[in-house]
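In structure tokens, one chain follows: the form predicted on its own.
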């Protein structure tokens, strides 16, 4: 049983799907400190000595294991920067579940900046799931600034699911990656903002080895007076393939900017980008409303399906 209060447990459950008991390797960070930590024979979580955070060592050929590293914050006015480095051995096949939940009921801003760095060994496969949530009725803002740095060796695969569904007042999400020969990066980002929330998301991916590939797809919905900006830059430095896609729904007085950029430095670099921003189609609303839904219920169903 984790030593967390009910609000923290609710945040933990939303981030991981588990409220009280985590299996395998994990570290739960609550209000600036480690609430509980556990390693396994194949996965070691070692506290850093020079800063807040951990080194996570995953042994070569580790299969079927999962690492949980959620962060929950419930104290108004907290601000922290945490560094977690993942060292994934050759041939490993594992899942990493991360994310941060901030519940702010006070008048001061609460902020968590998480820096995650990945060193992914040859032929390793990693599924990385990161979710950010915000809650609380205080006037203090909920601020999250995740930084992700990826280094993929030959033949490795990284699949990333990045989700943020309302409640976060301000976020700057920065991701950089460099891929060796045959490495593959897949990103699926989902953002829903409302009120006056602001979400900036930037990716820079360098395809450095022959046969490297990247597929980055972002879906966003901007409601209220919120603002979203997506910058994606894919650089092909070898015979490679790259694809980026931004699909967005704009509502109310929301604003969305999509800036895809492709740079080919090899004649056999094949790079493609797609971008579309628009409102919910009227015929979609009418169709659902004829089934008995209100207009608001129909909008919710469409948005949920779009972000799924």
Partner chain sequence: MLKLENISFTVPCATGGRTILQGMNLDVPEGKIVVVTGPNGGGKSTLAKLIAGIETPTSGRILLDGADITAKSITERSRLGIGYAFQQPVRFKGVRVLDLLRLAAKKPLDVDEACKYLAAVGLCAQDYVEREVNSSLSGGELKRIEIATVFAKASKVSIFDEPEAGIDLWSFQSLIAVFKEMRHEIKGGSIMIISHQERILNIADEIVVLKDGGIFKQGPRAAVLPMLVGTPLAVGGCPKGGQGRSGKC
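Quantities reported herein were computed from a predicted structural model and do not represent experimental measurements. Numbering follows the first chain given and starts at 1.
Just so it is clear, the following notes concern the form predicted in complex with the partner chain, a form of the same protein that is not shown.
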query	finding
The partner chain in the predicted bound form: contacting segment from 53-61, 262-270, 34-42, 278-286, heavy atom within 4.5 Å	278-286
Non-hydrogen atom contact residue 301 with the partner chain in the predicted bound form at 4.5 angstroms	yes
4.5 angstroms heavy atom contact with the partner chain in the predicted bound form for residue 247	yes
Partner contact for residue 117 in the predicted bound form: the partner chain, 4.5 angstroms, heavy atom	no
In the predicted bound form, residue 219 touching the partner chain (heavy atom, 4.5 Å)	yes
